[in-house]
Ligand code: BEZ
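One chain is shown next in structure tokens, namely the form predicted on its own.
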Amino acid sequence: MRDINQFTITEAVKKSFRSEEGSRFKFLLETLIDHLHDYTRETNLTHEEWMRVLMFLYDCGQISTPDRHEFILLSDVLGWSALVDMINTRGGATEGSNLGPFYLENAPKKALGADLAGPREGVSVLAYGIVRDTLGHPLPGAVVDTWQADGTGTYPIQESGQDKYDLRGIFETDKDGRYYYTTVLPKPYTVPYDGPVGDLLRAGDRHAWRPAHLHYMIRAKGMRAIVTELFFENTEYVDNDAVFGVRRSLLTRVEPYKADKAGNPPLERKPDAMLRFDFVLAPEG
């Protein structure tokens, strides 16, 4: 019979897993067990507190759907997502930022110059720029996958009766590495707080607001993909984003539209404003 107490149980649990010695899985699992047990001892966790944590995680699972991932939202508000992004940003590449809970695969492919806004009200804006490598070379054929909230701060996926793929599109850069399209300028919004993560924010006396932003996933052959967001200078909540996604390098300026300055791209719709951002990808490996 094992002689286990509150100080020896940690090693007993770790030894019960027969993972390959020196493997990444073994390292991650054992480090998690170390920190979890240390936290429990340090806080003298009660049965009631332990059960409340388990029920909180259960509730996160219950409210999650294919279109809403409460655990990603939890990771976001705890700064865990941001920390992983920071650790994994490669030197010279565009900084990573939150994926968020509303990413969808298989967004519709769009031609350069297409308009994502359709009849939605708000400021029409041209988003454009170049995708480059870390040496400054343009990357033709790079994939620019984008999604966003609308001019009221709502994602179509949250609206009953709306096409969940509205305000989403996948573009390929041209021979010069350029991307360009028009959309509606998004507004700030609150992260979903009708579930357990919302309860956590209220318990901690925290606001749930995110600054206005555009989401991007950028990929190119032979390059390390990035997931990031663009924010707008001098707008609300850029200094206190609820999910810690803002980086100084991801701020861009929204200006009145000037076709010549933007390079006269062929567009489906004449925009009111424009913003430029050049993405940089690092090589794989």
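Everything numeric here is computed off the predicted structure, so don't read it as measured data. Only the largest set of C-alpha atoms that superpose within 1.5 Å between the two forms is called the rigid core. Quick note: we count residues from 1 along the sequence shown, nothing fancier.
Omitted from view is the form predicted together with ligand BEZ, to which the following refers.
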Only one of Val191, Ala93, Ala212, Ala114 has a non-hydrogen atom within 4.5 angstroms of ligand BEZ in the model of the complex; which is it?
Val191
Can any non-hydrogen atom of Val243 be found within 4.5 angstroms of ligand BEZ in the model of the complex?
yes
For Asp76, is any heavy atom within 4.5 Å of ligand BEZ in the model of the complex, or not?
yes
Is there a heavy atom of Tyr179 no more than 4.5 Å from a heavy atom of ligand BEZ in the model of the complex?
no
How about Tyr128: is it within 4.5 Å of ligand BEZ in the model of the complex, going by heavy atoms?
no
Given that the partner is absent here, state which listed stretch (212-220, 43-51, 249-257, 58-66) has heavy atoms within 4.5 Å of ligand BEZ in the model of the complex.
212-220
Quick one: which residues from 92-119 get a non-hydrogen atom within 4.5 Å of ligand BEZ in the model of the complex?
Asn98, Gly100, Pro101, Phe102
After core superposition, I'd like to know whether His69 moves between the shown form and the other one (criterion: C-alpha shift of 2 angstroms or more).
yes
If you line up the core, does Val184 shift 2 angstroms or more at its C-alpha between the shown form and the other one?
no
